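Shown here is one chain on its own, the form predicted alone, set out as structure tokens.
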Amino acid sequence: MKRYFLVLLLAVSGNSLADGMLQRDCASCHNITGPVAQTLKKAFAKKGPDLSYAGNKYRQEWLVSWLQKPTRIRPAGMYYGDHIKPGAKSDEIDPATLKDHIAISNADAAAVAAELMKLKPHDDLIAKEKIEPGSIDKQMGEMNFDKFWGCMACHLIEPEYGGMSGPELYTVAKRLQPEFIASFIRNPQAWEPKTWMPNKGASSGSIQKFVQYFEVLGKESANAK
């Protein structure tokens, strides 16, 4: 009985420590408690991605890994305009203005990731999505992604190839839950009313192709390492 209470106490203590880390170390840059930004002023004030729906969005194993060795996912930072070098080109990023994310230990990363995965305010949106099994030819996927939808203006599909104002997409299948990817493409504003991501009215069939294409990119990226 004593051992049971000791294990329970350690578990509660670990959860409290992880929650404390979120509030102390993460809340200064990330919205953890919600609601998401409802005005442009608040959206532009964001320093990092909204984490109030992290449990609906991320893959837990990726969070644990990334928190130990963070890499920049959005090459131009949270908002592109904040990191432009002055000059004639007006579209070159100044790396000196970008801040690195803190790295934490394996134990802390696991605890923080577990707490983040509890944040699931949009299970209703996730439940509406069903990912059908299937695959797509990479060339056709890229044509659909770039030529038909113009997504490469904002997103990288491989290192240094594509736009840099949005998150890279060659790692998206590893980072994000497929149902979230589908739901966010279907209606970005249902997740964040002031997101830069446009709602292009993609059909369910097109959304399935997007998810399949991201899986192809993810496998290719993993094999390249």
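A residue's number is simply how far along the shown sequence it sits, counting from 1. No experiment lies behind these values; they were computed from the predicted model shown.
Beyond what is shown, the protein has a form predicted in complex with a small molecule; the following relates to that form.
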Suppose contact means a heavy atom within 4.5 Å; in the model of the complex, does that hold for all of 28, 185 and 200 with the small molecule? yes
Counting non-hydrogen atoms within 4.5 angstroms of the small molecule in the model of the complex, say which of 114, 93, 126, 78 makes the cut. 78
Find the only residue in 105, 135, 97, 71 having a heavy atom within 4.5 Å of the small molecule in the model of the complex. 71
I'd like to check something about residue 161: if you look in the model of the complex, is any of its heavy atoms closer than or equal to 4.5 Å to a heavy atom of the small molecule? no
Even though the small molecule is not shown here, does residue 195 get within 4.5 Å of it in the model of the complex, heavy atoms only? yes
Looking in the model of the complex, any heavy atom of residue 41 within 4.5 Å of the small molecule? no
Considering only heavy atoms, tell me if residue 55 and the small molecule come within 4.5 Å of each other in the model of the complex. no
